[in-house]
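Before any questions on how it binds or moves, here is one chain, the form predicted on its own, in structure tokens.
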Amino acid sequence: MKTRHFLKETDFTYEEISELFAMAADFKRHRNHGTPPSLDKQSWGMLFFKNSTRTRISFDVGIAELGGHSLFLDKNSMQISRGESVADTAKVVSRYLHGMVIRAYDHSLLEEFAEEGSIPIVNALTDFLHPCQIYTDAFTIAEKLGESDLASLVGKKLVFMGDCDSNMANSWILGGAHMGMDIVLSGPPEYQPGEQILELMKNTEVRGSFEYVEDPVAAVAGADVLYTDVWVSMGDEAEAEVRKQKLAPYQVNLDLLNKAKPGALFMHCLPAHPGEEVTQEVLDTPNSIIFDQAENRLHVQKAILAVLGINKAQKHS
């Protein structure tokens, strides 16, 4: 059996995502009554090149609740920081671990780990994609619609405001369209979706759609969900002031939220910077479901890990 990885949103089929959502809902519903030990006697590494709060805690707790053991690997304490190749590192850790959760800058690093190693690799964020976040967010939207069912997302309009050439924008383009949603991206022309995601989409069959709309007011008309992310990501600090100035017209405020569909949800993957990409008033509205998103990282990632862990166990049984 070929080792399965979760590097991008389309690594699970539409039908498999539906099953993942059902599993995540079950994990959430019965969390206080125990979780099936899908990772029993398994050790999973967590290699983080970027700092994290939600991602690290949710994966650490999730692995433990699935009966596994997590090992946090700081790149600065590993030989990879002193020049050992990714290929050699992947081969070595595959002899010790049952899977790896990696949070990195370069997406190709995860692809090389997956190619050179023999254990499942989970993308916990790269500069190109953040699939765990998108699966969680889609699950949260479905949950708020009262369904927790992937089918309830078909035809729903989500508008991403801000830097449309970012990992979160890319993930909504790929993941949202894969799940049948209509994704609209709105930001300055300088921050339109980049060539890498556009090229990927040319070769990907999706159920939904995506488009770029420069005018923020036109973009949010009829929107079911407004979504934004920080304007200055890790690695972009040198151009912080320029980015803030150019992205200012795309701030999600009450005026913009009120131009969406009545009752439209507001989402942000956090951490938020009130007064920049979103106002505190929007964060405090009943429309805001940011902490539901944060909680659901645990449940959805447990489902992803459970499936990959079961596949790993079957491969070696």
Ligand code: NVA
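Sequential numbering from 1, following the sequence displayed. Since the model is a prediction, treat every value here as computed from it, not as a measurement.
What comes next is about the form predicted together with this ligand, which does not appear here.
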Among 229 to 237, 89 to 97, 182 to 190, 112 to 120, which stretch sits within 4.5 Å of this ligand in the predicted complex, heavy atoms only? 229 to 237
Verify the contact flag for residue 167: yes if a non-hydrogen atom of it lies within 4.5 Å of a non-hydrogen atom of this ligand in the predicted complex, no if not. yes
Quick one: is residue 125 in contact with this ligand in the predicted complex, heavy atoms, 4.5 Å cut-off? yes
Answer with yes or no whether residue 270 is in contact with this ligand in the predicted complex, where contact means some heavy atom within 4.5 Å. yes
